[in-house]
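Here's a solo chain for you in structure tokens, the form predicted alone.
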């Protein structure tokens, strides 16, 4: 079966079974092409709640994303094509760790990145994304009348948020990071900037500070896509400091512009654990409980509170 035939078969099964397929920008381009909706982690969960009117949702992303969709959609079946698609960053912060931080800093609000498990979200005061972390930290600080906040699990996003907001942040933990974004170094950026001197540099806030400081733009995946979409005709070249899947999306959406990956190893192998054959298998086995991500109702109720507070603050 050719790639096009496989894609056509998936679309046929999806329509026959009334299933919505969501795909993160970090998925391979062939998966992005058959998805009903593309987006970043929170954007897709919002879509799952507001636009996906189907009983079954196949989520091509990592496990915490499917969990967030389950929290927001307790009445729907959320399927992860490959249950082993996990996020190493989310593993840096456990429910036990966040409880210890809250005990050590009892009057400081706990902010958790949406890139965290449902159990961690359930122990949080508010969640945030890479696009709204500064706004959220300012809002929760005022609500708690606090001079600082707890923030985890990504230490680089915490550093970026502290740098922009000027609010003291206690990192939960000190070393939490994304294995894709954190590997890009200042030397890497200098080399590629020298190679493409006219290119604008767009990086994710999960990158280290030295890399962020030489960027022309810092933003989430969706914000980077918007930055290219809104660029002038003179801005024809971009160095992309995030996962290669977004570069592939940009190259397809903006064929008149050139895109260069900041580092050749910017590939999230956990995101790439999904493929078209696994999505087809999920469509053929919608009631396979081993593929379903279902956050228990008691945890979902607790985790929904900080998520809804974030949506309110946004």
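This one's a predicted model, so the numbers in the text were calculated from it and none came from an experiment. Positions refer to the first chain, counted from 1.
Below: the form predicted together with a small molecule, not depicted.
None of 48, 279, 65, 262 but one reaches within 4.5 angstroms of the small molecule in the predicted bound form through a heavy atom, and that residue is 65. The shortest heavy atom separation between residue 115 and the small molecule in the predicted bound form is within 4.5 Å.
Shown alone here, residue 248 lies farther than 4.5 Å from the small molecule in the predicted bound form, counting heavy atoms only. Contact check for residue 121: no non-hydrogen atom falls within 4.5 Å of the small molecule in the predicted bound form. In the predicted bound form, residue 70 stays away from the small molecule, with no heavy atom inside 4.5 Å. From the list 102-110, 167-175, 216-224, 194-202, the contact stretch for the small molecule in the predicted bound form under a 4.5 Å heavy atom rule is 216-224.
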